[in-house]
Structures are given as C-alpha cells and as structure tokens.
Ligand code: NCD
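A single chain comes next, written as structure tokens; it is the form predicted on its own.
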C-alpha cells in the first residue's frame, strides 16, 4: 500500500504489511503522545475535521493527533452548521473545503458518504465512520490494542480467541475489525448477539472462507469462558428505525466483575469501542470493572491517538522528519501510558 497522499476509506485497503507499517510508526509516536517530546513537523498544515454525526473520541483524538504533530485543526461539527444544510452537494463541499485543508477527516451517518466526498476532494480524506458501514481508524486502533495486550501475555494475533458481543449488525467498528482480523491465521470468533442483531452474513461467510472458526450464539456466559479478548458493543440506537425498537435490545448483555470472575479466564482482556452506555437500562460494561487490570478500554483510547498520528505521518510523508523537528517539553506532564 502506498500511503502518501492516499485516502483511508476502508480497511479493505490494508494487507498485513500495511498494518504492520502503521503499527511500527504508531510505536514511534509514544514520546510525543506521552508529552515527553514536542514536534512541530506539521507546522502550518491544516486538518479539516468534518463531523456531521455526533462524536467525542474519534473527533477529539484525530484533532489531538494532528496538533501533537504541530498542525492546526478547523472543525465543522453539524450539518446545520455547514452549507450542506442549504442543499450544497458533497461534490461542491469537497472541492471547497479541500482548498482550505491539507487533509480531511469526515464522519457522516450515510453509508458511502465519505467515499463520495473523497472522490471530489483535492486532498487526502480519512473515513471517521460512515453510517453502519466502516470505521477504519477504530479498527486499526483496536487491532493495535489487541496486539499490545496479547504481547504482554506472550501471545500473537494469530491463533486469537475473540468474543464479539452485542449489536453486531449495526456496529461499524466490529465490521471493520472483522475485516482486519480476517488477514490473520486461525482466529476463533465467537459472535454473541440477539438473532436480530447478528453480524451480517457476508462478514461471517468471509471469515469462514478465510479459514477461521466462527461460532454464533445468543448466550453470553457460556461463550466467554475461553476467550483472549472480550469485545463488547453498545446498542447502536441511532441506526434503528425507532427508539422503541432499540430499547428492546438494551441491557441484554451485561458484563460485571462477578460474571467476569465466574466465567472468564483470569487474564481475559475486556475491550469496548466506547461510548459504553452507563444508563441503568443498558450498562453493558459495569463500572465495577473499572479497577480490573484487564479492562483495556482506556488503553484503547490512548492507542487511538498513536494510530491516528501514524496515519497522518504516513499520508503526509513526514515519518522521517518528526524527530528532526522535536524538542523536550517545558511543562509538567502527567504520566499517560
């Protein structure tokens, strides 16, 4: 994969070599993300951050990643705050805003919207999530987290045992992660969801065709006993035709410390793309797990900055210049990693 000047629209663009390239550069970003050093390598560069669907982690971490490399961020956070609300096409919006930016990150609720926008953009575009379709950078940071968590146990992604739990139908992070994991060897997938929210058949068929074992079930406790990774998701209520329909599935799968202790192996890693729904009728990941050392959800969010810094560095072709434009920090910094 040639990263320089490329759009990042789907994880289908990546092979294992490209993934390892991203992860290698992400490793190099640690002193900058951890505020041990400062680099101004992207001084003068502008990121156009276009989030037409609510976001916290993705929007802020992309912005932070660009800032940490020395660039500046210009944000549009709602459709009604843009000329799209006046009927402007994606084509016209892309042509205009790509004249103001060096790279653009976009999120939109409609599947395929980011690709349509990118086709008219004059600068690289990164997909920050398009409907229930894909979320490439989330999948990369999830896989990067899996690799780091397993490495601490002397394991690799090959031969991984992973349980994917919750709304697998609409969860775009799950869809993209499955596509990446398909590239590895002998992965055992356990898919735990209500039948109505099962992983779409094309993903299941692709995993099996690649030689992976896939078990589908609606029972949580019986299917988390032999997992290296538990990957939970919230009910994607914004994708449902009505709130009433979404509410039927909230709270069906809840993991707490008691269930974890009884049914999981002692070093099973707990992941979640966030936000976790902490409301009483949902609460898929209980707060009593917060002190569990195997809860990796905040390590995931930290890793998101590293991976997104790496993507910017590769796309803008500055990986060999970062250290040349760096210095030590001159303020107090708390330990982050």
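Residue numbers count along the first chain shown, from 1. Fair warning: this is a prediction, and the values are worked out from it, not measured in the lab.
This next part talks about the form predicted in complex with the ligand, which is not shown.
Partner contacts here mean any heavy atom within 4.5 Å of the ligand in the predicted bound form, and among 50 to 58, 289 to 297, 23 to 31, 66 to 74 they occur only in 50 to 58. Note on contacts: among 179, 212, 172, 250, the single residue with a heavy atom within 4.5 Å of the ligand in the predicted bound form is 172.
Taking a 4.5 Å heavy atom cutoff to the ligand in the predicted bound form, the contact residue among 307, 274, 42, 270 is 274. Among residues of the shown chain, residue 234 is one whose heavy atoms approach the ligand to within 4.5 Å in the predicted bound form. Taking the partner from elsewhere, residue 108 is found to have every heavy atom lying beyond 4.5 Å of the ligand in the predicted bound form. Residue contact with the ligand in the predicted bound form: residue 138 places a heavy atom within 4.5 Å of it. Applying a 4.5 Å heavy atom cutoff to the ligand in the predicted bound form picks out no residue from 149 to 169.
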